[in-house]
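Quick setup: one chain, the form predicted alone, written in structure tokens, and binding and motion questions come after.
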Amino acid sequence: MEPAKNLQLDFLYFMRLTRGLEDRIDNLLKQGKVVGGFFRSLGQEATAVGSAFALDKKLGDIVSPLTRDLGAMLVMGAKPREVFAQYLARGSSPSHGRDQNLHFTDLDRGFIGTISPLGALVAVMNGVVLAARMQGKKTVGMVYIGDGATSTGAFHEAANFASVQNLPLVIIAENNGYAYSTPTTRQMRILNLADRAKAYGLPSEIVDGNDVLAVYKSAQRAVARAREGGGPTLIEAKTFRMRGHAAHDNQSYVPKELLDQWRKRDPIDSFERFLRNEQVADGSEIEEVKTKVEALLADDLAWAESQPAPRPEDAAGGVYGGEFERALTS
């Protein structure tokens, strides 16, 4: 059974919001307004959006994304203006100009910002959901990891711990074919990342990461299992990033033929065709989604660009806790 029409249109809205937001950040980068790196999720929007929609914010569910999971944070309540302000290093950004990208957290809205040591977030989320369970909550955690990061020791230790402790955790393993420039065939001898779950007794599923409905349904099953006490699940989403590892990477190591194959499987184009073909939505309704996204992004970018840079005297605030912070400000 397919989700209700309004929910499917929400999927489209958030995938388009993710892509449109990143398009504008890309333009800001080219204008020299962004300092630092930029990691696009172009081609992977369906994985982040579809999986995050399976969570229940009212029950305290929480996500911890990678840099290419902007869509999950938007679904959980992050605002485009916050993301713009982060990349522009404005004083009113969530990190107050101290950091960029998706390195910001809001537990009230249910997301923990990405951290750069890949694989470590699985261990962090183990602690989050274990604490929630000890408090008698029904919280489910969802953590994202790439194919390369599944080769780190941190991932394997955390996956084993999650399994042994039967934690309410969903691990979304995004297999986009390359860990930076290293193809999966040079990283591991197995065909599927899901095979790694077997070593720890983790249930697993393999899903088309470019099919937002398939991702959503798989994540729904995993979230329900976790909430009912069935423990963690690893979902392998087979997808592809249509840009390099970051903006500075020209992706020359990827064969043109492979890019052409995945371009035909664009998650947004494919989903819009599905909505039309299945008569879920007509052209005017799809266009209305685009218009709504464009209006929001225009307003939020204008707001972010109007915000001031951080004040130098604020650099030491909000860094240390308790006596340390009082000592610095006294």
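What you see is a predicted model, and the numbers here were worked out from it, not measured in a lab. Just count from 1 along the sequence shown to find any residue number.
Just so it is clear, the following notes concern the form predicted together with a small molecule, a form of the same protein that is not shown.
Contact with the small molecule in the predicted complex, defined as a heavy atom within 4.5 Å, is made by all three of L118, G146 and Y178.
Contact between H96 and the small molecule in the predicted complex is not found at the 4.5 Å heavy atom cutoff. In the predicted complex, the small molecule sits beyond 4.5 Å of every heavy atom of K217. Interface residue remark: R90 is not counted as part of the site for the small molecule in the predicted complex, having no heavy atom within 4.5 Å. The small molecule in the predicted complex is not approached by R81, whose heavy atoms all lie more than 4.5 angstroms from it. Screening 105-113, 123-131, 160-168, 178-186 for residues having heavy atoms within 4.5 Å of the small molecule in the predicted complex returns a single hit, 178-186.
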